[in-house]
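Only one chain is included here, represented as structure tokens and corresponding to the form predicted alone.
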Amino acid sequence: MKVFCLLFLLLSASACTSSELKSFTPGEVWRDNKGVHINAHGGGILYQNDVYYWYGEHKTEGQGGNTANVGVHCYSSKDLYNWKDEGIVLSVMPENSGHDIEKGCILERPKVIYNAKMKKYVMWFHLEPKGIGYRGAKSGVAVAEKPVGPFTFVKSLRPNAGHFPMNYPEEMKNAPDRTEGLKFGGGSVPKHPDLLNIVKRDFEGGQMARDMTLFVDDDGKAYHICASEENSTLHISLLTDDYLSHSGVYGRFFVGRFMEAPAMFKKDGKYYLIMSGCTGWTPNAGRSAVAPSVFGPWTELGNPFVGEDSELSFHSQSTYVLPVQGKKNGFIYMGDRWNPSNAIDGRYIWLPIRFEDDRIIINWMDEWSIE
């Protein structure tokens, strides 16, 4: 009898972990091939050789899970519904190691792109060294030979040191930095950023880089998009040909609008952004914009979310927009429903994107499928 019961339990567990999903259920627990809730927060997707790879922050239980205690987790899928756990592809270093990505640092929004020239997989992420809160505002870079890693940490930096933005007025280049003695919050600055001249303050050491994403254009050029200037302004930077550094060519956009959580994609020759406002872990009304080129001019389109709870982006924050392979103009909004009191229980909000002329429209669906 004991043997029969044990066999029944094993078969039941196998059935639970192996049954294939055929739809998305936003906000619900999303289990991988092992039956465990997927742990890839603030993530992004790489499509390579007919496989989707999902990279994200590995969270742990409790409030302490909002810092990096493990590293970057990777999952793979061929249908976007069912995901195989590929393990930790970038591990944080031990405590007291003094490493840039020491356990307890803040490592957020990892994104991976493939460099065809170098035949390398390149990961960028927002990095705050341990113990300094969000004052570091740095970017981290890691590389790998395979999409499932292991990734090797290369460096951390602040972008575009020694370079002014391409669209920075000449008179501001010569104006003084007016930030001395002032205190800054994540969602406001004491004066308009142009009056403060934050770019001038950070000219030598490099510009601030917090919430970020990567975008690779049809010509193979890659761009780093991040919240900068104390979160007040979005910076879009052209990367070098190897995708490992900033080229010094960059622009500043949405000055003073406090856009974070950027997600860029391209449709019919136009460039789109989905972003959020800056309210910490608390959700807010989403933002969106369109432009004829990566470097603008950008035109705001308003909140893309429509319906009940749209002013809270369905209790989510953007992290990535996924082009669905084989589906013309098929795009999926990827958002996070954060749970800062128990970080590991963050949920994923994936919803289809549709368009009305240039405007991005995202409606809530309890359940839906690509088909």
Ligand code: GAL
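All of these numbers come straight from a predicted model, not from anything done at the bench. Residues carry their position along the shown sequence, with the first being 1.
Quick note: we don't show the form predicted together with the named molecule, though the next part is all about it.
In the model of the complex, P297 stays away from the named molecule, with no heavy atom inside 4.5 Å. The closest non-hydrogen atom of Y134 lies within 4.5 Å of the named molecule in the model of the complex. P94 falls outside the set of residues with a heavy atom inside 4.5 Å of the named molecule in the model of the complex. Of the heavy atoms in G280, some are within 4.5 Å of the named molecule in the model of the complex. Annotated contact segment (heavy atom within 4.5 Å of the named molecule in the model of the complex): 280-288, selected among 280-288, 233-241, 267-275, 136-144. For the partner-free chain shown, just E260 of 232-265 comes within 4.5 angstroms of the named molecule in the model of the complex, judged by any non-hydrogen atom.
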